[in-house]
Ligand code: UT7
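Okay, here we've got a single chain as structure tokens, the form predicted on its own, with questions on binding and movement later.
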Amino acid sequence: MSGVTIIGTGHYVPGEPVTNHALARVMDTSDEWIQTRTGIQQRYFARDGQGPSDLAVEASKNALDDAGVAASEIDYIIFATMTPDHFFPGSGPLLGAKLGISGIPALDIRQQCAAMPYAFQLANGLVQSGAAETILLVGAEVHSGFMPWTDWDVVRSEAEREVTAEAYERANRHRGLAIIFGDGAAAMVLRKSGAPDGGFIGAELHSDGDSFDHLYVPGCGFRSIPYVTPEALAAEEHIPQMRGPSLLKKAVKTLSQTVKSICETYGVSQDEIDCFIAHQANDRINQAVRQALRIPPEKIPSNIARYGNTSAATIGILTDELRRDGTIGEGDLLCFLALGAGLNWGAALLRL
């Protein structure tokens, strides 16, 4: 039976690229240090007042144009983000209003970097049940709000002054996190495949709340009354904490196992997969997964050097680039794989 497939893609990043050299102006780092540990050369950051729904509008317009579909034909929005415009409501309804399609259901999902494998399974279920026909799937993030520096004009190369010792030290305390993330949005238009046995094949999804502290925001939650306090902000509890080395090991092990398992479940040989589209968290993770699974380098492309980790948007941005440059096309078998905070992880198989 045919599943949902991708009929259009688009992405959008805000402003001008921020290089590793720019980050070295506000904390103790360097281009070589960042590239060696992550593979990242630059990233993009939104301006104050720009939310994920704003980035998503531009990505969605590009995807709709690519699909040849009018916004009025969309009958369901799935919006993946861990950095919503507001604590509530979700960003999905905001995107619908900005696209002029208020009234359709809009669902926000919170699987962070692992959102896309989850979203494909969800979208397929909605279409197969008859609840939707044409779905707009979006991943969009604005991580700027938890960056640990205050001298944005210096980071954006709009000023040349030296930052204060206090500001430098504050940014430096969160260096391992701050060098990784960037802002961006990606969108996909999904419909049921017209090819027999085409489209979504299946997904294998997992979560492990026992490991939540590998990547989480320790404060500004509803275990506290009020949920945001001056003390929490002073303690920098609104900035995510990450256990990087342990997270890397977990990602390599779980993603490798999940890819092997999903191939076995659906009777697919790894050699049959034309492209492995992995979440772009850290190039070291993806290289280790590639080596563990013995995937040829050309079958697991990377664009993290240009964007950094845009969380829920990474897979969509990479998919858009691969479709537009002809690396993937109709009939190709794709394996999407990702791990994110939660911990959540999974893989999905889909034939274009």
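For every residue, the number given is its place in the sequence shown, counted from 1. The model shown is predicted, which means the values in this text are computed figures rather than measured ones.
What follows is about the form predicted in complex with oxa(dethia)-CoA (UT7), which we do not show.
- Only one of the listed residues (T319, T29, Q42, N62) places a non-hydrogen atom within 4.5 angstroms of oxa(dethia)-CoA (UT7) in the predicted complex, and that residue is T29.
- Only one of the listed residues (G267, P245, P230, P196) places a non-hydrogen atom within 4.5 angstroms of oxa(dethia)-CoA (UT7) in the predicted complex, and that residue is P245.
- With oxa(dethia)-CoA (UT7) omitted here, the record of contacts in the predicted complex names 170 to 178 of 198 to 206, 87 to 95, 170 to 178, 218 to 226, defined by a heavy atom within 4.5 Å.
- Shown here without its partner, the chain carries H279, N282 and N309, all of which come within 4.5 Å of oxa(dethia)-CoA (UT7) in the predicted complex through at least one heavy atom.
- Within this chain, N286 is remote from the site of oxa(dethia)-CoA (UT7) in the predicted complex, having no heavy atom within 4.5 Å.
- Of the heavy atoms in R37, some are within 4.5 Å of oxa(dethia)-CoA (UT7) in the predicted complex.
- Contact between C113 and oxa(dethia)-CoA (UT7) in the predicted complex is found at the 4.5 Å heavy atom cutoff.
- Contacts between 337 to 352 and oxa(dethia)-CoA (UT7), taken as any heavy atom within 4.5 Å in the predicted complex, involve L339, G340.
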